[in-house]
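Consider the single chain below, provided in structure tokens and representing the form predicted on its own.
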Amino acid sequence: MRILVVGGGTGGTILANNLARRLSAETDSGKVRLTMLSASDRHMYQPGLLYVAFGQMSPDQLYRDQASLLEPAIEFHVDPVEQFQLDQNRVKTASGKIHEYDMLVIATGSRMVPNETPGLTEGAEFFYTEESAMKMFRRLREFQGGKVAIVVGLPHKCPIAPVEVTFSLHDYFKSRGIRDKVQIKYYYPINRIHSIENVAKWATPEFKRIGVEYETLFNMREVDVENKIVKSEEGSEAHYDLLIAIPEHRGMEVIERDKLGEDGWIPTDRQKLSMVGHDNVFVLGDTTNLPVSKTGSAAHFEAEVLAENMASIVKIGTPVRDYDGKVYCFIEAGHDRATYAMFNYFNPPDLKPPSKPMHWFKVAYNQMYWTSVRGLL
């Protein structure tokens, strides 16, 4: 039995490690061969990019050697897939190699596409890559006051990011003693300030408390970099001195190129996590088109369910669990305060008042991540 995992992010790594432990007897005997293909030999803790953008972490703190995070039974190659040949149960990699499989897991993640909005790449600051997070940090250090516009595109990775960056900006300018010289305004594409209704209900009074204005039904059309104006599809304008953007995201280019899913999101069975039309292909994390948040916690919970099911398929020929849409997101709320949103397909989040203990729990999780991604938490 050849199991191939494509993607070495949170979901792929947790899944592969979990499978390796569940199928240790089968890998030792040679009955199962477990292979991972990744685009990088380094694993990044992606939530840390926001901390980098505010000077709270250095970039080197974000990384670990990918091979060091994997169980010894996993055959690991830095050789990204360039073509999925699903009808032939194989993939072709950048090196030209062909990897055949009996079961395939696609966990290739997502990417921001600011170039989809004219002027956004040139005019805005982001924090979704190391390079953009460092550029944003330098820009924030130079900023002495004026209008800050936070503009959001949908869909995007980490649903809580727009809210967290807003609180972080408020705290950052306050710590520099220039908050009174800064006007922060938040722009969101739908008719409330967050896509998750209960998050919007919680965040609205919090924004008022810290003096953040907001405008909804604002879908970015273009950025006039010279005049520092963001124009919306609805005809309104956002004037800025500093533009912070949460760009629209898509799945990886190879997914779009091979026509596995519109905008790079693969049609996925919401409970089985199998690719629609391919029973031996499974999808994890951001790559899915599921109605859950594109976040590490969703990938983590999906990976645990899928590992148990794939191991059961090997051992007894059938899966044993359904994924229920479980997601758990920390939400930093400023002043060393945090809350969380936990929800699934059936139950919306019920946010509690922010507290210091929850903030420190999130800080602790930043360190526990490396244990978590090994599938030990």
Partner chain sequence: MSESKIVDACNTYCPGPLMELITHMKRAKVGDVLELLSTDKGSANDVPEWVTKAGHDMLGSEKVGEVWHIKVRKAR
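Here the structure is a predicted model, which means the values were calculated and not measured. Residue numbers count along the first chain shown, from 1.
Just so you know, the form predicted together with the partner chain exists too; it's not on screen, but the next bit is about it.
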{"query": "Option touching the partner chain, based on a heavy atom within 4.5 Å in the predicted complex, out of Leu217, Val276, Ile178, Ala94", "finding": "Leu217"}
{"query": "Candidate from Asn347, Ser68, Gln61, Ser40 lying within 4.5 Å of the partner chain in the predicted complex - any heavy atom", "finding": "Asn347"}
{"query": "4.5 Å heavy atom contact with the partner chain in the predicted complex for all of Pro155, Glu234 and Ser293", "finding": "yes"}
{"query": "Interface stretch in the predicted complex with the partner chain - options 134-142, 223-231, 184-192, 85-93, non-hydrogen atom within 4.5 Å", "finding": "184-192"}
{"query": "4.5 Å heavy atom contact, Arg111 and the partner chain in the predicted complex", "finding": "no"}
{"query": "Pro159 within 4.5 Å of the partner chain in the predicted complex, heavy atoms", "finding": "yes"}
{"query": "Residue contact check: Ile196 to the partner chain in the predicted complex, 4.5 Å heavy atom", "finding": "yes"}
{"query": "His99: touches the partner chain in the predicted complex, heavy atom cutoff 4.5 angstroms", "finding": "no"}
{"query": "Sequence-ordered list of residues in 100-134 near the partner chain in the predicted complex, where near means a heavy atom within 4.5 Å", "finding": "Glu116"}
